[in-house]
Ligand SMILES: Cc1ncc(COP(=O)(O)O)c(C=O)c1O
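Below, in structure tokens: the form predicted on its own, a single chain.
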């Protein structure tokens, strides 16, 4: 268990033991569901622990040239899938990739010759035009989505050389959502599945969440194998890899009062927890409760100029004061990946908690802030 008193503020800290727990669950899915699980870097890019991840998973999936280069550092398979590829980057991407998915037949036709020459396994992304994702911002299969080829736009005459089909229609969901999407996929594209070497079921599978039905997922995978023998199944969770593996440690800088008590922290919600404002959602804070449930209620706010740089209202057993540690839960997946240097607010350091204690991996300084600009 992490001793937060020795963790500097602000700092993202991952606990290695919790990561291993997640990896063991994902490895069980690989083993019993006869599938490949790869880590989606868009959700989990904590490269310092890539050697550990590589002991369990088959590789990583990337969405850009930069992520492709990072995925290569894992030393396992590199899968790439992006809405579109730049002509001046495709050669470098192909030099790293084992698999590449094209979002349209026009992109496939544009880069087909180079892809086949490199011996990379190519796929086409399909859009099931069905999803149970409720938030439009995170629904890749919503109306007018640019992500994937719809049934109406599917061109079988362009399939020569294509070895896989790739879909992504989930977001933080359970196995029943995958089951529903697969039914739609088979209805729209079933005649082409058996002609493929692999099928990528995308991400959004919340496999390591406590209430996720792992048994059902394994059953779905095995039933798919029975219907389509010989086809390799690929899952690419990102959030499930880093789910509940660590926190963002912050501290109170000041308490101000304007009808309510407001604690100004040494982080920025906008810069360091942007998904809290995008989604939006109220992050959990260790030792807190809803407003007025406990004796002392505060609005937790960031240290930027943005008026809406606010995490929410929380209550605590004891009053807060400058120096009080505020620990935001489950901040290692997505949140940590999305951070910015907005307003120049000090960027949280990065650390890992191992069996022998805390290891500081990275601190950010002025040169890194300046280097992002010009």
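Note that the coordinates shown come from a computational prediction; the quantities given were computed from them, not determined experimentally. Residue numbers count along the first chain shown, from 1.
This protein has a second form, the form predicted together with this ligand, left out of what is shown; the following refers to that one.
Shown alone, this chain has one stretch from 34-42, 312-320, 64-72, 335-343 that lies within 4.5 Å of this ligand in the model of the complex by heavy atoms: 34-42.
At least one heavy atom of residue 239 is located within 4.5 Å of this ligand in the model of the complex. Contact check for residue 166: a non-hydrogen atom falls within 4.5 Å of this ligand in the model of the complex. Shown alone here, residue 148 lies farther than 4.5 Å from this ligand in the model of the complex, counting heavy atoms only.
Proximity of residue 79 to this ligand in the model of the complex: non-hydrogen atoms within 4.5 Å are absent; the residue sits far from the partner.
None of 203, 246, 123, 302 but one reaches within 4.5 angstroms of this ligand in the model of the complex through a heavy atom, and that residue is 203.
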